[in-house]
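Form predicted alone, single chain, as structure tokens, below.
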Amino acid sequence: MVKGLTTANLGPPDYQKALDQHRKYVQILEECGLQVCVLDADNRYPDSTFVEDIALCTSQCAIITNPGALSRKGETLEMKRILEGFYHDIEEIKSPGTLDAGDVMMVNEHYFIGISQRTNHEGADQLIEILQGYQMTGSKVQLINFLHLKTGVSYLEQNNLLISGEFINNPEFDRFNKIMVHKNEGYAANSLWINGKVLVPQGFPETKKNIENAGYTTITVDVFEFQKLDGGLSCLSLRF
């Protein structure tokens, strides 16, 4: 994990602190009413703790992605085996398409797909075709500065969108109620709605207050060691 991909310039993660933070994250998910399956560590893949990128779990099927980073390609094999225990229908994104599911934001039965350094048009088009086969829909959003779509925008249900940076004035999101995230708290744009509560990364009081002012109960979660690897609250789990 300490050798994972990063652009954050926050220094190397402390592995023992990361383990403690991950245990607390799991505990909070369980306290929010989720049943959590914790996967074994896979030391072949330093970024494999960010399981969200490797599959998209919808109400109808699971879709194994084709990660944009070459070092992450092998993560899909084990994830497919695991998800076969939960899903009857499993689809896959094929090369030359690439897709990280951190670029995919679910709003009911529609999926916004970020075109980024990790997700290309071919991968997004394949995903849209798969979704349509299950009576769901998808649309593409071009990224400029963000690593992943959900780095800068998170759906909090009830038509509320936590939003920052280049997405604030993007017409794709005009129909939503927007909860703004200031530039100096940009990391908190990746907050996570779970059964009516919103998990917010520790250290971003303005964003936390704005979410609470929108009517949500918040839970603060320390994930600083994962922030050092460009990972956020949604990255650490597959939720379905």
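Start at 1 and count along the sequence shown; that's the residue number. Bear in mind that the values here come from a model prediction, so they are computed numbers and not experimental data.
The form predicted together with a small molecule exists for this protein as well; it is not shown, and the discussion that follows is about that form.
In the predicted bound form, no heavy atom of Ala8 sits within 4.5 Å of the small molecule. When the small molecule is considered in the predicted bound form, Arg72 lines it closely, a heavy atom lying within 4.5 Å. The closest heavy atom approach of Asp47 to the small molecule in the predicted bound form falls within 4.5 Å.
Residue contact with the small molecule in the predicted bound form: Leu147 places a heavy atom within 4.5 Å of it. Screening 106 to 114, 127 to 135, 85 to 93, 147 to 155 for residues having heavy atoms within 4.5 Å of the small molecule in the predicted bound form returns a single hit, 147 to 155.
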